[in-house]
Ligand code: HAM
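Heads up, the chain below is alone and in the form predicted on its own; it's given as structure tokens.
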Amino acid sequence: MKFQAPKGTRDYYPAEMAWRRYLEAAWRRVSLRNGFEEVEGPIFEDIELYKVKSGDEIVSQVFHVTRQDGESTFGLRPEFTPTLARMVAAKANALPKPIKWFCMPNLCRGERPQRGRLREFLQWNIDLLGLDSPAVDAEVIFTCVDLLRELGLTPEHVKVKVSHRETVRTILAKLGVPGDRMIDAFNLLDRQAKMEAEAYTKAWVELGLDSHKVERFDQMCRRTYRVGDVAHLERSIGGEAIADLEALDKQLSAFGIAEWCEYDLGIVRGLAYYTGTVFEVHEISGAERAIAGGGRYDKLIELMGGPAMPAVGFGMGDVVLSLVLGDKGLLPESVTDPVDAFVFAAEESARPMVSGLVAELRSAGLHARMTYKTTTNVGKLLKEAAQQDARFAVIVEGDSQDNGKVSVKDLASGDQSRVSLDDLPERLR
């Protein structure tokens, strides 16, 4: 039989694994310098954790884990926030505040695979809990921007689209959406890109808006507003609706990321636990799905049995991010660990020295490789060294054992010199 990887998953061959580790290293580096500590949790949870806390859309995408007795009680994690909330609730009184955590889990969702969406993927999560301040929201958004900048993206490539669920709630209430249908309205707004225009309008009518109000609201959602231009936003939708955005506006400017951000009332995020500020990172042309998304979830820890605790965070998947970096020509030429030395024998009599020399270099902390070919053709072996991106070729000759020297060729400059075996590790460094 011939087996294939399950649809919507990936096999990580060496090149793909090297990119994965490179991206994870960037995520970790940015997290640590912004003061976040790494955590991790189980890859499956009690299914009730997702049923109660994440909303119907996520729950419908959970892969169930069936035990041998046939009782399905667990689900593979489709996101990490419920796990994080459970962990915080369990030790809330013992954890120092604020809580600043990050993780890089692999997640599984039973969605239809397509460009930018897989059934198994990696995600970078940043969460800051214990403080209720617009400065905290801005710091989390700054951390996201810090990563985008680290990888070479600019405000000409991507924008952080910021909104606030209470602002949108106020507008919808004014237009006539009943309070008990507000979550349905948020879910509808979040699904707009996946729906036909006629079906989208019809769904709003069922929520209490006539076609004129639907068009009016749609116009608000299609328009974006610059950070620093809250007054214009206020004139457009009313001052009482933007009170929460005014303070955030100042902090986004204070963190120096105003040019990265814009206000977009079409962003509400579909997950049920979001309570305030929400944001998504989108590629400027709109050709790809959101690169990242998150917001404030102030009630989730309490719902998990912990104390009332404000919280804000985001998740960034690796799939769309990698596509955007590739489209913009920002993927690095090489993401593999550099090879310090490629060792080979130039003569048959020198071959017995190679293994021992490689072992000594590795013991000295150097990345040393050797040829497994039987040839002693120096031209062919230098070509192999270059193919492995080695910095130096270490050429062992027939008299190396007697005189204690080898030839070292710098593969970038082409310079070659004789180096004593005692000095070789330092020379390669």
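Numbers for residues come from their place in the sequence shown, where the first is 1. Please read all numbers here as calculations on a predicted model, not as lab measurements.
Not pictured, yet referred to below: the form predicted together with histidyl-adenosine monophosphate (HAM).
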| property | result |
| --- | --- |
| Option from 110 to 118, 332 to 340, 88 to 96, 244 to 252 whose residues, in the predicted bound form, bring a heavy atom within 4.5 Å of histidyl-adenosine monophosphate (HAM) | 110 to 118 |
| Site test, Thr81, Tyr273 and Ala290 vs histidyl-adenosine monophosphate (HAM) in the predicted bound form, non-hydrogen atom cutoff 4.5 Å | yes |
| Contact assignment for histidyl-adenosine monophosphate (HAM) in the predicted bound form, among Pro105, Pro155, Gly130, Gly317, heavy atom within 4.5 Å | Gly317 |
| Listed residue (Asn187, Gln123, Thr170, Ser322) with a non-hydrogen atom within 4.5 angstroms of histidyl-adenosine monophosphate (HAM) in the predicted bound form | Gln123 |
| 4.5 Å heavy atom contact, Arg269 to histidyl-adenosine monophosphate (HAM) in the predicted bound form | yes |
| Partner proximity in the predicted bound form: Gly294 to histidyl-adenosine monophosphate (HAM), non-hydrogen atom cutoff 4.5 Å | yes |
| Pro310 within 4.5 Å of histidyl-adenosine monophosphate (HAM) in the predicted bound form, heavy atoms | no |
